[in-house]
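Given next, in structure tokens, is a single chain: the form predicted on its own.
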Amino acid sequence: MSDNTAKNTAKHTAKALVLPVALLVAFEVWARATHLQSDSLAAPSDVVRALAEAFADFSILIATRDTLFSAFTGLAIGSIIGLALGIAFGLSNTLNRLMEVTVEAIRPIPSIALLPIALIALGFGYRMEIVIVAFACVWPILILSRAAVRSIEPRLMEVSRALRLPAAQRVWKIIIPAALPRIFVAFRLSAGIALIVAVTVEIAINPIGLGAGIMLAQQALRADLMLAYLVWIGVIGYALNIVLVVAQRRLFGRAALSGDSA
């Protein structure tokens, strides 16, 4: 059964690649035929060559390290805060009602809008980027974990009360295991947000990471290198999503599918 699944997955992947590959080949032919000269476009072969050069001098690897460090650290901090608040709000209707206006007033604020404040308070570097990424990651974790806690089977909560479990053990032994599949979906969503926000901060103001690499290439009128950075960011995001999807299915099995549909 697993062999058939792998074959079907390979077939679907091959079919999905047909159109993008065809478009890239067509664009390559057109760029060579017209001797493309542009500050914003480059032939796919030139982009691949620029990407190889960036790997050869380690510049893109250093930028990747900086971006992923900020993104993953901010993701971890935001996930811990969002999970703690989500569980608290899900368990206490009173607390949820008291904080509802505050949460709904702060949540729509774009994380990038915090750049001027974060820059004054923290300056350039990792700390500013991590704080902004953490702010962006808190909200999906909070909202979905709160919903996950509220959807827990009431009988499980009755069992925990019958066993007279302390609040900490109730959360650790009952609530988190029951809500974990949906919480992991929120974590997947936040992981994508973390990468997007980290790169955006670097493009806007922070002179480190992949976003800064894009801006340096743009200022040098290197369209091929700029697009190479964009392609590499897409590869990182795609790989990250695949890793998390595989982990989700391995950890939760069928529960992963119900978590995705929720």
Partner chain sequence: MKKIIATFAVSFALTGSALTTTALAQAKIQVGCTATSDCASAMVAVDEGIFKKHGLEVEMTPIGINSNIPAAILSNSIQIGGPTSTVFLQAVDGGLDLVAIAGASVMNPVSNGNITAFVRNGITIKEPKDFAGKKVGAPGLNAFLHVLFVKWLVEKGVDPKSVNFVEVTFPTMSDIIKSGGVDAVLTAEPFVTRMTNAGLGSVGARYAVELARTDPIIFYAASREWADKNAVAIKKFRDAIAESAEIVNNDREKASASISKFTKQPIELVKMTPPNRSVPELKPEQLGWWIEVMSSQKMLQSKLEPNKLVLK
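Positions refer to the first chain, counted from 1. Given the structure is predicted, the values throughout are model-derived calculations rather than measurements.
There is another form of this protein, the form predicted together with its partner chain, and it is not shown here; the text below is about that form.
Comment: its partner chain is not present in this chain, but in the predicted complex one of 80, 99, 114, 189 has a heavy atom within 4.5 Å of it, namely 80.
When you look in the predicted complex, the only residue of 105, 120, 95, 168 with a non-hydrogen atom within 4.5 Å of its partner chain is 120. In the predicted complex, its partner chain lies within 4.5 Å of some heavy atom of residue 207. For residue 218, a non-hydrogen atom is located within 4.5 Å of its partner chain in the predicted complex, even though that partner is not displayed. The closest non-hydrogen atom of residue 27 lies beyond 4.5 Å of its partner chain in the predicted complex. At a distance threshold of 4.5 angstroms between non-hydrogen atoms, residue 14 is out of contact with its partner chain in the predicted complex. Within 4.5 Å of its partner chain in the predicted complex, a heavy atom is found for none of 45, 89 and 246. Figure note: of the listed segments 233 to 241, 48 to 56, 190 to 198, 220 to 228, the one touching its partner chain in the predicted complex, with heavy atoms no more than 4.5 Å away, is 220 to 228. In sequence order, 69, 72, 73, 76, 80 are the residues of 59 to 89 having a heavy atom within 4.5 Å of its partner chain in the predicted complex; the partner itself is omitted from this view.
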